[in-house]
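This document opens with one chain alone, in structure tokens, the form predicted on its own.
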């Protein structure tokens, strides 16, 4: 039996190209074939497919954003001089006193919970990515997707029933005597971690799966330990993805409202709760547009977060492609 593979015979076209020397080969490589050129040619009407999305974005996000920006820099109808007059008092008031404290409280809560979620979610995602059991990986991914989107009043009720002052776990373990309070900054941080850690697992798992086995084998062949591999190879490659995941968690915690409103109320100062109070009319006379200025502050922070997040995602995708 002949185990040797048959030698491929070049086609006439290939023979003609190769016989022309290096110049002919390079010319053939540089010159796109008619089929390739047709495929690469941009289609003039392709952008029409995105038209419904652009219209929806303009109506759903563009018009409200413009209305918020205009209202933030104009006086309200209950002002002594009438409404519609240009003013900076709304913006100035939104970064003073209780509103400034609430803005710092939201930033502090989002930064802390995002950091804990990143530190805890990374090793969990690594364990999932390297698991030999496909069923476990799929189960954890599906569960993370559900938990990452589980929030609002149902999440607050679940924690009140378990870790509230009269909750089952609080009563069984007598946590109140140890200083535990769900209706505090620490308690709210624990609740936020319930959906931030699964969100980090979903975000960082594709990047961990993109780490090539050859990189680990090359490091091992050169005598590197596991710690040295992660310090000099793994973590530097994952750094853009980790920072991107942290930014994503920060934005999710910063914009959360319903869970905090249902659980802690005004006991923890947050900017989202202050906006709700201002929209309900709980402001001084002439500050009817103060809620719009607070909303504009949140939009500015969200834009800064996305401006950092998107370049990090592109850089991570370039490494792991």
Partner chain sequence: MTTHRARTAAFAAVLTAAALSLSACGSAGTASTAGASGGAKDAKTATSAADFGGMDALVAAAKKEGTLNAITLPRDWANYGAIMDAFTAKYGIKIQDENPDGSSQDEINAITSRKDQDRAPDVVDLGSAFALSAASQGLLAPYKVTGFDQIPDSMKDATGLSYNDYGGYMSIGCDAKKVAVCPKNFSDLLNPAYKGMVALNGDPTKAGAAFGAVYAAALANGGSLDNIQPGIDFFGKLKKAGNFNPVEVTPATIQKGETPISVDWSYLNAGYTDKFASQGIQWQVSIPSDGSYAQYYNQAINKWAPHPAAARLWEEYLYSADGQNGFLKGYATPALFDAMKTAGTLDPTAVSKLPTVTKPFTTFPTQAQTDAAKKVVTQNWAAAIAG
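Numbering follows the first chain given and starts at 1. The structure presented is a predicted model; accordingly, all values stated were derived computationally and were not measured.
Below, we refer to the form predicted in complex with its partner chain, which is not included among the displayed structures.
Asker: Using 4.5 Å between non-hydrogen atoms, is residue 89 touching its partner chain in the predicted complex?
Answerer: The answer is no: residue 89 has no heavy atom within 4.5 Å of its partner chain.
Asker: Residue-level contact is defined here as any heavy atom of the residue lying within 4.5 Å of its partner chain in the predicted complex; does residue 165 satisfy this criterion?
Answerer: Residue 165: yes, in contact with its partner chain in the predicted complex.
Asker: Should residue 157 be classed as touching its partner chain in the predicted complex when contacts are defined as heavy atoms within 4.5 Å?
Answerer: Residue-level check for residue 157: yes, a contact with its partner chain.
Asker: Mark residue 209 yes when one of its heavy atoms lies within 4.5 Å of a heavy atom of its partner chain in the predicted complex, and no otherwise.
Answerer: Answer no; every heavy atom of residue 209 is more than 4.5 Å from its partner chain in the predicted complex.
Asker: Thinking of its partner chain in the predicted complex, which stretch from 236-244, 105-113, 217-225, 167-175 has heavy atoms inside 4.5 Å of it?
Answerer: Going through the listed ranges, the match is 167-175.
Asker: Taking its partner chain as it sits in the predicted complex, which residues of 252-272 have a non-hydrogen atom within 4.5 Å of it? Please list them.
Answerer: If the 4.5 Å heavy-atom criterion is applied to its partner chain in the predicted complex, 252-272 yields 257, 258, 261, 262, 263, 264, 265, 266, 267, 269.
Asker: Compared with this form, is the residue 107-residue 283 Cα separation smaller or larger in the predicted complex, the difference being 3 Å or more?
Answerer: Note: Cα gap between residue 107 and residue 283 widens in the predicted complex.
Asker: Taking the shown form as the reference, report whether the CA atoms of residue 282 and residue 100 lie closer or farther apart in the predicted complex; the distance changes by 3 angstroms or more.
Answerer: Compared with the form shown here, the C-alpha atoms of residue 282 and residue 100 sit farther apart in the predicted complex, by 3 Å or more.
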